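Okay, so here's just one chain, in structure tokens, the form predicted on its own.
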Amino acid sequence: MKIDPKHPRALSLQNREKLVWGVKNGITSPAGLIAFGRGEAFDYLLSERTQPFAKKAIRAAAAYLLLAKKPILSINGNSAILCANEFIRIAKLLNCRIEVNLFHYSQSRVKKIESLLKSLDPERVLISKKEEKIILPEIASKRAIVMREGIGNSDCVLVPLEDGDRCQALVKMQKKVIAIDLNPLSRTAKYAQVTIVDNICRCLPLLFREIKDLKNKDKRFLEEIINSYDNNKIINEALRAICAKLDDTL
């Protein structure tokens, strides 16, 4: 579908077309289209822009990732189709790996997403190997299947477009979890140490810039950012912004 760049919803329509292409080519799950639509509904309520509270969370996320000994970026079908290049850029900057992790799991989809990422930078992609997989406890989906070398041994995980039980399980395992979730009421938003309530396509370029800006700061400086960060406060600010938007509309 050809989309006129002057269309007021051009970016959203382009992203929808990318996801439809992803479904046709076995990268995105059909259920991912529903998840995208749900996210768009929340994005409307956030005026489709990165709010100040999201910028605070992005800065805290950058500090956590830079302080981590073994950070890992978790990617699923939707985020791969929408933001593969941004994931690669962040992984390069952090010198870390990207691991494919899926709710609607199939080995075929894992391989296709890995191939997409490898076409951009083969060194940044953790390749799925049966003998190196482990099952994380307390996760009621195939998201429990992870690589020992990746999420299994990580101390900080970026989990965009997440489901709540894996987020909760990772936190119970003493891992720092950074979530990107447009829904501030989700379990993921509640359990993550840092919740970026923003559209993934907007926030990943900002996260890259924050990491780049903070990369040469000393450990104490980064720790001060984390110590002054309150995720509950950020979620409450997001909820207030949504309520204010509704008040203005009604």
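This one's a predicted model, so the numbers in the text were calculated from it and none came from an experiment. The first residue of the shown sequence is 1; numbering continues from there.
The same protein also has a form predicted in complex with a further copy of the same chain, omitted here; what follows describes it.
Enquirer: Determine which one of 203-211, 54-62, 180-188, 221-229 lies within 4.5 Å of a further copy of the same chain in the predicted bound form, judging by heavy atom distances; exactly one does.
Expert: Single hit among the candidates: 180-188.
Enquirer: Indicate whether a further copy of the same chain has at least one heavy atom within 4.5 Å of a heavy atom of Val20 in the predicted bound form.
Expert: It does: once a further copy of the same chain is placed as it appears in the predicted bound form, Val20 has a heavy atom within 4.5 Å of it.
Enquirer: Is Asp247 close enough to touch a further copy of the same chain in the predicted bound form, meaning at least one heavy atom pair within 4.5 Å?
Expert: So Asp247 counts as contacting a further copy of the same chain.
Enquirer: Contact between Arg38 and a further copy of the same chain in the predicted bound form at 4.5 Å, heavy atoms?
Expert: Because a heavy atom of Arg38 falls inside 4.5 Å of a further copy of the same chain in the predicted bound form, the answer is yes.
Enquirer: Answer with yes or no whether Leu11 is in contact with a further copy of the same chain in the predicted bound form, where contact means some heavy atom within 4.5 Å.
Expert: Looking in the predicted bound form, residue contacts with a further copy of the same chain do not include Leu11, since no heavy atom lies within 4.5 Å.
Enquirer: Whether Ser115, Leu117 and Leu120 jointly form a contact site for a further copy of the same chain in the predicted bound form is the question; each needs a heavy atom within 4.5 Å.
Expert: No, none of the three is in contact.
Enquirer: Could you list which residues of 146-161 come within 4.5 Å of a further copy of the same chain in the predicted bound form, counting heavy atoms only?
Expert: Counting only heavy atoms within 4.5 Å of a further copy of the same chain in the predicted bound form, no residue of 146-161 makes contact.
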